[in-house]
Ligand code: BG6
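Okay, so here's just one chain, in structure tokens, the form predicted on its own.
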Amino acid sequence: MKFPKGFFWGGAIAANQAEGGYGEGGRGEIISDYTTAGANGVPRQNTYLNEKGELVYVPGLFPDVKPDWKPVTVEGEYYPNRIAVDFYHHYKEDIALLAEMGFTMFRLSICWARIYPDITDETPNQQGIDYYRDIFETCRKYNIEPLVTISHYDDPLCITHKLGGWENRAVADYFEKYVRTIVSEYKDLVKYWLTFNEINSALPRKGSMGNGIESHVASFERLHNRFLASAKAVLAAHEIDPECHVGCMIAIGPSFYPETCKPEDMMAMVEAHQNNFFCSDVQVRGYYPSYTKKMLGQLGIEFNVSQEDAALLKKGKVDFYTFSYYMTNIVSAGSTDELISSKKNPYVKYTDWGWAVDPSGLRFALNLIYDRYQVPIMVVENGLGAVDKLEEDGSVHDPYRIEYHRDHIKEMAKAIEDGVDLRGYTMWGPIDIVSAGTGQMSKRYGFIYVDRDDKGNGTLARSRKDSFWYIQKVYKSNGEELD
């Protein structure tokens, strides 16, 4: 098992799931400030007062609310992202621990509202500028390359409540201004950027996030404007720093198996892959793919891209492809929920949260992606969410996490042997953080344990799990010592 010299080894977090610092440093408010905690099988909710002054609970990472609805804190509800794991105050300690593990890349995100508390502000918030500069300088102190996500599920509230949401094309212009600010400020420290985290999570489809109150048409309009914002970001970043690299980030990776070998199920797999490739086809190739009309037509969306927008998308293509990989799914022509079958794959294990553990699916995804795009690839999220037991001596014995990462890293090595141009691996949540989907702390991914529970109790103290020492061996050996 050989990885190329200079391969990036690391981990990834998101500001809204790790940072905390609510109300500090001049930060404006973001959506997740009003997102409650959930549980395994219990969705998170966003709390608002509607136009009648009635309390409403709106689900999803992209809640469908009207501009005149007011976000509110409800007594008795817990909003875990406001403190998260307090990376805001612990980042020096945390980055030192990452360096001890042998990290050469750290993926993290910038909170837009910490740079521009109101995105229409003419000048940025200096406290926010200084905060991230110190983070990136701390990374550089330990020879860790920052991989920075520009927008990671933490839209400022003012996008909805002042500008009417991403349906307003002006938001893309404000996004470009934000990108010009951070690239100009950090071009001496950051060379790798990602525009939108898991941009395909906002793709309109039956049962998907973003399709509650508003129509599929509005959902797609929001997505199209994000495509334009991404293209503007690529062009701006390259203009300011010609040596930087800007990538896309896609959810899950196109790993689907047909439920049977029926021709109908094979076509269901093709359609599922098209759904997962749709956003990266636009961002990597620079144009809407041939199946766009059929796919959108099934949702009742009529769409014609203007010549101006088409030219922008073509010029603003990303430099590399990154994705999150956690599981594979089974698809069936007879399924009603977006082709995904409710049946489990008998050939793989499942986590407590019902996610298929399928290392070989990662190799499959890497080959499929590289064959399609022929651009450098990074796996920027991958990991096992599990319940850990903290022993009295502060240790955590997590052989299940060690096994998970060992098996996935082996499959990445096989993909490189297959000819895939894989440049890096930043597993998800090296420090325990708040789960995006459930709001739990008990769904832990990290090699570093954080003393905090699902109700916000705990000291926030950090301690090393057994997997910490295993990953240290793997990373410092450039992936050669896996057993």
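These figures come from a predicted structure and were not determined experimentally. Heads up: residue numbers just count along the shown sequence, starting at 1.
The form predicted together with the named molecule exists for this protein as well; it is not shown, and the discussion that follows is about that form.
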Item to complete: Taking 4.5 Å between heavy atoms as the contact cutoff, choose which of T328, S109, N197, N225 touches the named molecule in the predicted bound form.
Response: N197
Fill in: in the predicted bound form, the residue from Y153, F175, Y404, Y132 that sits within 4.5 Å of the named molecule by heavy atoms
Y153
Worksheet item: Is W428 close enough to the named molecule in the predicted bound form to count, meaning some heavy atom within 4.5 Å?
Response: yes
Worksheet item: Wondering, does G458 line up within 4.5 Å of the named molecule in the predicted bound form on heavy atoms?
Response: no
Item to complete: Considering only heavy atoms, tell me if I30 and the named molecule come within 4.5 Å of each other in the predicted bound form.
Response: no
Item to complete: Decide whether G437 counts as a contact residue for the named molecule in the predicted bound form under a heavy atom distance cut-off of 4.5 Å.
Response: yes
Fill in: Residues Q17, W355 and E381 all lining the named molecule in the predicted bound form, heavy atom within 4.5 Å
yes
Worksheet item: Residues in which of 291 to 299, 311 to 319, 187 to 195, 145 to 153 have heavy atoms within 4.5 Å of the named molecule in the predicted bound form?
Response: 145 to 153
